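Given as structure tokens, the chain that follows is alone and in the form predicted on its own.
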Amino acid sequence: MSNIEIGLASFPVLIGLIFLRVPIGLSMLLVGLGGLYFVTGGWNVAFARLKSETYSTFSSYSLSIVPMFLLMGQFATLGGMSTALFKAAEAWLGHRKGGVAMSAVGACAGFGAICGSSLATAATMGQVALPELRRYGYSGGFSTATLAAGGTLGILIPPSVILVIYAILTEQNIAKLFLAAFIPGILAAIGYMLTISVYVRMNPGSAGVRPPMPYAERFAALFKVWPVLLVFLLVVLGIYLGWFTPTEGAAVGALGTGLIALFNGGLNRVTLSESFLSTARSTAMIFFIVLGAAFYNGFLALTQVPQELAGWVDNLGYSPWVILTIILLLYLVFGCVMDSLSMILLTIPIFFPIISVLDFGLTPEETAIWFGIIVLIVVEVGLITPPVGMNLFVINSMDRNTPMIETYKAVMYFVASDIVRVIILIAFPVITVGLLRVLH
């Protein structure tokens, strides 16, 4: 077999291991090591790479941003910021038709701005919002679907761990990616609220009514979220304006949320230790997947499969928009069986060289950033797409009385909203790159 044939044959082997429930990081590591053995004719290169790749991957300064953002999310939860965000959103939106569900989406968007993890956002806001949704008579499937969809805002609204990984893989500027994700993130929250409005009108019995609050109480609830706004502006603007590097910005954010949690009484010796342990576990999981992907992608690069695929696609003569559509449809399929980080690490080294040689009327940097935001949104759809939408399982585990099939039915409205948003961002790239053009 030629090197290219070995590289192509690795795909079904990898997918097979994933279906056999072998952890995705271990699957990529094993296939990468085995592939290197067949390409080089022995284990010497594979074992030598095991030493060098491990060091070069984990000594990357850029990766240090990941545990900082995860720790920031832990401290934000301890500081009661999730509750404050939900109460503020509920004070202004709760009396509307479907308003408590809209409040949950708004709170998810706010919490995503200081968390960066979809699963953490979904789990945290689920604990806060599910009791209120039950209290006001919202149906189980509609409630769980709303929170699962709202949780996906955690990886889109900056700062985002997945965007950091994408920036490292494609060698893009993290600050510019954060800025480009801002407007699509707002569109996502607005789109979900419109979806809720449509759903409650099509299913009148799915949502109860909550009386309006006096304006004095509304402003009092709004005042309590100023720490969230302060941390978000300090981190994102600080990174973009060059006050500090992304890693330093993440550290500042973790320190800020930690001080808020300490001031609010949520941080003590026990909770601090638990936060560090939880952050360490999540970081170890992410880093192991990154290591496995580094091995597998290094093996693919040696076989020249990504370069050959890019050249082959370029020579087909298809419209760049057709090729982009095919790639995004593949992401929707992958999203049914894989988690977001695994999809990014596995596919970007293959698809990004293809996108880079296509002409979308943008500069190379704009193309990379625009493609990254679109991919992030499609990956986000995978988190709520049956049968293996990770957010669906996280939220449903908190509401055992709601059958999963009811969540599946309701969440398809949010999936439709995501697809419409992807089409809009593809048709009008300026929505994504417009802020970059204005500020540069």
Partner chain sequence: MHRLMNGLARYMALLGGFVLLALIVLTCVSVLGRGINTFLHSDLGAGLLGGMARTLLDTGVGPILGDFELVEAGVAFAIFAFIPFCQITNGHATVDIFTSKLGVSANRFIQMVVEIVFAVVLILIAERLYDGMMSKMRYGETTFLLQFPIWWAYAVSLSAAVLAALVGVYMAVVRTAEFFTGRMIIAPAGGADH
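These numbers come from a predicted model, not from an experiment. Numbering follows the first chain given and starts at 1.
Below: the form predicted together with the partner chain, not depicted.
Here the chain stands by itself, but in the model of the complex one stretch of 93 to 101, 180 to 188, 338 to 346, 221 to 229, 338 to 346, has heavy atoms within 4.5 Å of the partner chain. The candidate spot formed by Thr124, Ala129 and Val411 is out of contact with the partner chain in the model of the complex: none of the three has a heavy atom within 4.5 Å. Shown alone here, Phe288 lies within 4.5 Å of the partner chain in the model of the complex, counting heavy atoms only. Proximity of Ser206 to the partner chain in the model of the complex falls outside the 4.5 Å heavy atom cutoff.
In the model of the complex, the partner chain lies within 4.5 Å of some heavy atom of Arg281. By the criterion of a heavy atom within 4.5 Å, Phe244 is counted among the residues contacting the partner chain in the model of the complex. Checked against the partner chain in the model of the complex, the residues Phe276, Tyr136, Phe360, Tyr318 give one hit for a heavy atom within 4.5 Å, which is Phe276. Of the residues given (Ile426, Val430, Ile18, Ala416), Ile18 alone sits with a heavy atom within 4.5 Å of the partner chain in the model of the complex. In the model of the complex, not one residue of 184 to 218 has a heavy atom within 4.5 Å of the partner chain.
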